[in-house]
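Take a look at this one chain, the form predicted alone, written out in structure tokens.
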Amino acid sequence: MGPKAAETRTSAPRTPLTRERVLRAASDLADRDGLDALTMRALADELGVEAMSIYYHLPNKNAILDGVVELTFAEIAAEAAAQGPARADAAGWSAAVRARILGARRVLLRHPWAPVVIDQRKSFSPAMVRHVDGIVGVMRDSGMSHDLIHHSLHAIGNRVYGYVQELSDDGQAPPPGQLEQMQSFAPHLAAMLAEVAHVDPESTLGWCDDQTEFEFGLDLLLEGIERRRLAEAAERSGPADR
């Protein structure tokens, strides 16, 4: 046997390419480099494969985006499971819903690109449905009617997933000089924006969607829903029981 034969290298077996492996690599890539960096070529490089190999598992980038949202909501489900059984009675429903929504937000803060994809794709994956279904179940167990739950979900909006759609798609603070220009035609808004500052980038999913703002709005909504729940319960009980 010649020396070349003795130097023959044995390649280590490759990790099989699967749909889940592709999606986890896509999520990691977006976490590290941002959503704009998530291209088929970059994903193939991340996985150490040819781009055509990815298409066997996911036919296009939209399928990948839908898949990483599904993966994100699987993490949200795990977060909810780690909290243990929700107290879903009349006294504990609000705290239980709050905990589930803040758990979802903790996951989104690990994947800050996810709200953009959720808004752009507008897909309603099975994992997203299960997340909302869990919250509906908590509210229903508290005695709320389906009608009140339906109205409440519309009021809560995207907060149910852990983020807020802003009044404007700003994503960042006003550029220098803009506040001064605003003073001439919107003095009250300019004064407010000049005074209010968001200084917690680690808890922020948008310029005005930091943790303090998110919890403030969520608590206002839950307090209002509780008042409606009590009113509905009193109406059902009738004058004789009051």
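Bear in mind the structure is a predicted one, so any value in this text is a computation, not a measurement. All residue numbers refer to positions in the sequence shown, first residue = 1.
Below: the form predicted together with the DNA, not depicted.
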Practice item. Tell me, yes or no, whether residue 190 is in contact with the DNA in the predicted bound form, where a contact means a heavy atom of each within 4.5 Å. Key: no
**Study point:** Distance check, residue 216 to the DNA in the predicted bound form, heavy atom within 4.5 Å
**Key:** no
Point to revise | Contact label in the predicted bound form: residue 212 to the DNA, heavy atom within 4.5 Å | key: no
Check your understanding: Would residue 17 count as touching the DNA in the predicted bound form under a 4.5 Å heavy atom rule?
Key -> yes
**Study point:** Answer range among 182-190, 66-74, 43-51, 26-34 for contact with the DNA, defined in the predicted bound form as heavy atoms within 4.5 Å
**Key:** 43-51
Point to revise | Contact test, all of 39, 57 and 61, partner the DNA in the predicted bound form, heavy atom 4.5 Å | key: yes
